[in-house]
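What follows is one chain in structure tokens, specifically the form predicted alone.
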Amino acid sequence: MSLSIQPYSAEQPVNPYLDVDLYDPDADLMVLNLGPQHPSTHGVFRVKLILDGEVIVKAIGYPGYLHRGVEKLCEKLNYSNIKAIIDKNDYISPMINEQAVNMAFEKLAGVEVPRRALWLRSLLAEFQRIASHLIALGTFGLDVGGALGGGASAFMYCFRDREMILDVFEELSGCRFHYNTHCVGGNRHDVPAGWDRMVLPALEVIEARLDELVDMMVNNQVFVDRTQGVGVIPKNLALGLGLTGPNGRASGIDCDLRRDAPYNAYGEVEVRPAVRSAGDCQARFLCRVDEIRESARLARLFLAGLPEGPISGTKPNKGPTSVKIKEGRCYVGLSTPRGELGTYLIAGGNKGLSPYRLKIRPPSLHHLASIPYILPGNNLSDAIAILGSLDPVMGEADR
């Protein structure tokens, strides 16, 4: 008999870092490395699993395989050049990564962003949220059942619909990825003529097909068995680990920076966060579905209300030394598809041309911290579904 490990509960919290020596020495335990090269880890990530048969009794996550030293690089680069490497952290939603650092630079530099640029930033952020969630839903379908669970079809459907969002971004910036459209003081690219005739039909098609996707997955018994009651993250654990975004809201945490600490143009519209209480894989899936619908609604509002005026309060193409920030420090947080992305900036390096220190708060790293708590007590096959439901991006976790 091995040591009995139960899933996390508020009544009897599990110590996820139990030493192997505490296990019954006569138990027939096996060590299995899931990753770092494994498609179900959604990036270069390793989980060391200790198994009693098919049951996980201990799980230890090992990030760091994708470490690029981004924070250290930021101390050597000029402010204007930093976002080119920052938007590759969360490579699924680079548009919002660019906003995060620029907002911190603008706060310390005292740069005023024109109102049109604020609305345009919010509009693009909601498009990026839709594109990111479509990837999360599609790949999660493969994780929980493939062809049997409708996942293979869901994967193709989601990537097909995401192409429409990439077409919208390409029409605006000329790029389908790593857009480099945000700058200190505003944006580089304004909406082209007739852009709304591409945007509005794309939103209508995505919303219509979303109902078909949900019906295909949620009404499939394989999907239900693999997600309902699996990988439950109680609200108190989510709060303790700092889970935000859909993962936190799926556990009952009613918090969304777009509503609770509004930035850009979010203070001028009503934001309705998607909140559920089950905290399991299915709740996290459905939260992302609800967020796509809300993002489509917000995108229409921002497009219809886009004010006239300039798109930048500075000259974006003036040169890499055009931004100088004196000594100071600030923290800026915004809502990405994965949760709160924070930028803590200490200015004053390189004669004001570079940060002295730039610290990034990546939501994916907090989500991965839940693995030692929620994997024990589940079967090995459930580990794949649980990892997929967290939707981590290792570029931002390792940065």
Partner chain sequence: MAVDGKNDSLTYTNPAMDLMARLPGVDIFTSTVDRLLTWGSSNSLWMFPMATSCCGIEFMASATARVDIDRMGTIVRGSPRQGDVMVVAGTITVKMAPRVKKLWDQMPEPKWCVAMGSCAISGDFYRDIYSVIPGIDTVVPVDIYVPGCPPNPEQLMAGLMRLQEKMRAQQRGEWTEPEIRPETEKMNTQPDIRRLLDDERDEGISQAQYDGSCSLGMHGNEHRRHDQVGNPVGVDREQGVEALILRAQAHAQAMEALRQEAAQEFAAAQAAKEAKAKAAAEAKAAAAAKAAAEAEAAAADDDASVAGDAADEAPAGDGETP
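Positions refer to the first chain, counted from 1. Predicted model, so just to flag it, every value in this text is computed and none were measured.
One more form of this protein exists, namely the form predicted together with its partner chain; it is left out here, but the text below deals with it.
Q: Please identify the residue among 178, 293, 107, 300 with any heavy atom within 4.5 Å of its partner chain in the model of the complex.
A: Selected residue: 178.
Q: Answer with one of 92, 306, 286, 241: the residue that has a non-hydrogen atom within 4.5 Å of its partner chain in the model of the complex.
A: Only one listed residue qualifies here, and that residue is 92.
Q: Select, from the options 261-269, 121-129, 134-142, 233-241, the stretch whose residues sit within 4.5 angstroms of its partner chain in the model of the complex by heavy atom distance.
A: Flagged stretch: 134-142.
Q: Using heavy atoms and a 4.5 Å cut-off, decide whether 64, 73 and 156 all contact its partner chain in the model of the complex.
A: Yes, the whole trio is in contact, each within 4.5 Å by some heavy atom.
Q: Considering non-hydrogen atoms and a 4.5 Å limit, does its partner chain approach residue 85 in the model of the complex?
A: Residue-level check for residue 85: yes, a contact with its partner chain.
Q: Should residue 276 be counted as a contact of its partner chain in the model of the complex, where contact means heavy atoms within 4.5 Å?
A: Because no heavy atom of residue 276 falls inside 4.5 Å of its partner chain in the model of the complex, the answer is no.
Q: Wondering, does residue 329 line up within 4.5 Å of its partner chain in the model of the complex on heavy atoms?
A: Contact with its partner chain, no.
Q: Even though its partner chain is not shown here, does residue 44 get within 4.5 Å of it in the model of the complex, heavy atoms only?
A: Within the cut-off, so yes.
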